[in-house]
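The chain that follows stands alone, in the form predicted on its own, written as structure tokens.
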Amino acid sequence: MILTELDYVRPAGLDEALALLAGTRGARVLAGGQSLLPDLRSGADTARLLIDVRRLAELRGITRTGTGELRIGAATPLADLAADPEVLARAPELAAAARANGDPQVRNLGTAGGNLLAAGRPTDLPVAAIAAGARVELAGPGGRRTATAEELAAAGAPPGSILTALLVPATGPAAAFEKTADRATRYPVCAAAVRITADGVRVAVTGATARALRLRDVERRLAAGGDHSTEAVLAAFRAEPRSLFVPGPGTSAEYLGHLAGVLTARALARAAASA
């Protein structure tokens, strides 16, 4: 399908982008376009104005904040995120999730913010961000604020706002990401991310569930048993209600629950080995 007629603008700064977004009905923010453009072509989404923010310097790059967090600009390409030495050393689950997205072309064009906001698609970065305990920066009509990656996955970005950055606690290599991908789309049939912290294990899954989720009950079962073996992890997942897992073509809730446990066990073993 050919795109319908629309306008395109490249703002000089974030404030201009926000003003355009607030003042134009049907305006959409364009960064990598890996989700938005296919939806516009298929008719799944519509736009009257595309606001191209991909070249805004304030939305790009990976730096360290004064508190030691990694600040990943929302327009940073996934390829940069996957290869950054600081991310590889301090937040390996984020680097692995970025590396698992699509093919090189997708990773070169797709952005961190776009991957986090890809509504209706089980993308890889949200689950890693949730396991990492990450936050997001949002700019909107009411000013700037932060939300947790978990809150963003549940509710999306508020209307009229722009995701500006991902803030990730940089705690070291005791984290990992595992994925079983759909062969046609490369979206995850199931993906799991874990991070081992002083307070215990953080576990999140996507693909097998309706959205990226942190599994606190699994975390509590593993903490109570003090055992992170494959058998213990699978037992923790068997105790989860099957209604948590959403069947897809050729998959059942039982299969997805088991697959989520297997991937989590692999991720935990990798994280523990690298700690």
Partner chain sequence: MDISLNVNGSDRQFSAEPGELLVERLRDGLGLTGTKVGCDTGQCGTCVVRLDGRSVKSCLVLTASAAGSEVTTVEGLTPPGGELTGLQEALRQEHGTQCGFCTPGMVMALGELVDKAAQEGTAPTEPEIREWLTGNLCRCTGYHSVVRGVQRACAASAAGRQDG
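Note that the coordinates shown come from a computational prediction; the quantities given were computed from them, not determined experimentally. Numbering follows the first chain given and starts at 1.
From this point on, the text means the form predicted in complex with its partner chain, which you will not see here.
For the options A147, A79, A157, L88, the residue carrying a heavy atom within 4.5 angstroms of its partner chain in the predicted bound form is A79. The listed set P141, G120, G200, P104 contains one residue whose heavy atoms approach its partner chain in the predicted bound form to within 4.5 Å, identified as P104. Note that among 226-234, 242-250, 61-69, 29-37, the stretch whose heavy atoms approach its partner chain to within 4.5 Å in the predicted bound form is 29-37.
Using a 4.5 angstroms threshold between heavy atoms, R220 stays clear of its partner chain in the predicted bound form. Using a 4.5 angstroms threshold between heavy atoms, A181 stays clear of its partner chain in the predicted bound form. Put simply, D52 is close to its partner chain in the predicted bound form: some heavy atom of it is within 4.5 Å. Taking the partner from elsewhere, L6 is found to have a heavy atom lying within 4.5 Å of its partner chain in the predicted bound form. Scanning 225-248 for heavy atoms within 4.5 Å of its partner chain in the predicted bound form gives no residues at all.
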